[in-house]
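Listed next as structure tokens is one chain, alone, in the form predicted alone.
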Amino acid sequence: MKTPRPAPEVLILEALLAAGPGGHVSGVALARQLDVSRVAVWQHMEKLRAAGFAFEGVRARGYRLAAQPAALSAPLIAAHLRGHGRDCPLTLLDEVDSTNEEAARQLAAGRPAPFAILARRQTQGRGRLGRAWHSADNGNLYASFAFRPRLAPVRMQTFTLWMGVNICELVANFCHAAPGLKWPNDLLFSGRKAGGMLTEARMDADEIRDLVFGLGLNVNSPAAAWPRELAGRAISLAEHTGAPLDLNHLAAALIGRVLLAYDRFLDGTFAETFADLWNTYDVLRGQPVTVLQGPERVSGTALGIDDEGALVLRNAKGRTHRFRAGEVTLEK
């Protein structure tokens, strides 16, 4: 299927981003690239101005990108992606019940995959075990990625864990501060939660038909914005690093990394680095923990994960337990 031509606003932003902070792009060059008139270029730039962008024009040199919106911007994310050789159909919503639910609805309606759904706010964001995910419109990322893997369910046992270590590595490189991963799906800084993941699948016979990977990542929300019940337990990347992050650049980097990680999972090459990456970011290994699984409560020392992604724990009597699901608490 032929890839649709990007919107003119995306191509304009891509060219200006490629020119760098002090670089300029001539109106003639933009018109030639878009195959439109100079007047049409100006009209598209007016649309971008209305969306929060600012441009500086210099005679005989052209335009440069003088300012960009701090809030999520679909054309800016797409331009960043294209600048790194990636394309991904994405939908950005002001508000949605849940990005996972919206991705599932669009898969069910037949939208070609992969694609990404992003929202500035969720009204019914959720994490594991049906828990609510605080999803205010305050500079965070709420994203879901839709795929049609056509894989046997047994192949998917380590999928969320693999995506988790990839997101940890991306955040570490982007923020120059290493997070930790708490099995199976929590991203932490100094014991406080900065992100969570939720994978949901629908099956046909003996294979997974639709797969949705959701991520909530606290990026730029200030410490004072947390509800009382989350204060002291949640943290944003900006709070940890001491400075706000470029939300759109991070969103594009995240989309690119998720797509790459998915491809590596599908072709099996993820196995070459998965164990080492998990050991790098695992915050439970060697720590005293308690696992709740239904009525069962088991305490002991976390030993890491096995080849199938189960948490391995050794109790005080030396007995080894394996958990494919459960709620883990770090004991102090």
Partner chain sequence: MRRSELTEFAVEEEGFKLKIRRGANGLPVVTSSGRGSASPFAIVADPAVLPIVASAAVGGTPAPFPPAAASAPAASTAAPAEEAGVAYIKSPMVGTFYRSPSPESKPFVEAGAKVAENTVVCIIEAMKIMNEIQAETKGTIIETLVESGQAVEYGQKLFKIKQG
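Residue numbers count along the first chain shown, from 1. This structure is a prediction, so every number in the text was calculated from the model and none was measured.
The form predicted together with the partner chain is left out here; the points below concern that form.
Trainee: G286 versus the partner chain, in the model of the complex: is there a non-hydrogen atom within 4.5 Å?
Mentor: G286 lies outside the contact set for the partner chain.
Trainee: Is there a heavy atom of D307 no more than 4.5 Å from a heavy atom of the partner chain in the model of the complex?
Mentor: Taking the distances in the model of the complex, the answer for D307 is yes, it comes within 4.5 Å of the partner chain.
Trainee: In the model of the complex, does R209 come within 4.5 Å of the partner chain, counting heavy atoms only?
Mentor: Heavy-atom contact with the partner chain at 4.5 Å: present for R209.
Trainee: So in the model of the complex, does any heavy atom of W183 sit within 4.5 Å of the partner chain?
Mentor: Heavy-atom contact with the partner chain at 4.5 Å: present for W183.
Trainee: With the distance limit set at 4.5 angstroms and only heavy atoms considered, check whether R121, R192 and G256 all reach the partner chain in the model of the complex.
Mentor: Checking in the model of the complex: none of R121, R192 and G256 is within 4.5 Å of the partner chain.
Trainee: With the partner chain left out of view, which of V154, A231, A109, A243 would have a heavy atom within 4.5 Å of it in the model of the complex?
Mentor: Looking at the other structure, the residue within range turns out to be V154.
Trainee: If contact means any heavy atom within 4.5 Å, which of 47 to 55, 32 to 40, 63 to 71, 260 to 268 contacts the partner chain in the model of the complex?
Mentor: Contact criterion met by 260 to 268 only.
Trainee: Output the sequence-ordered list of residues from 309 to 324 with at least one heavy atom within 4.5 Å of the partner chain in the model of the complex.
Mentor: G309, A310, V312, R322, R324 sit within 4.5 Å of the partner.
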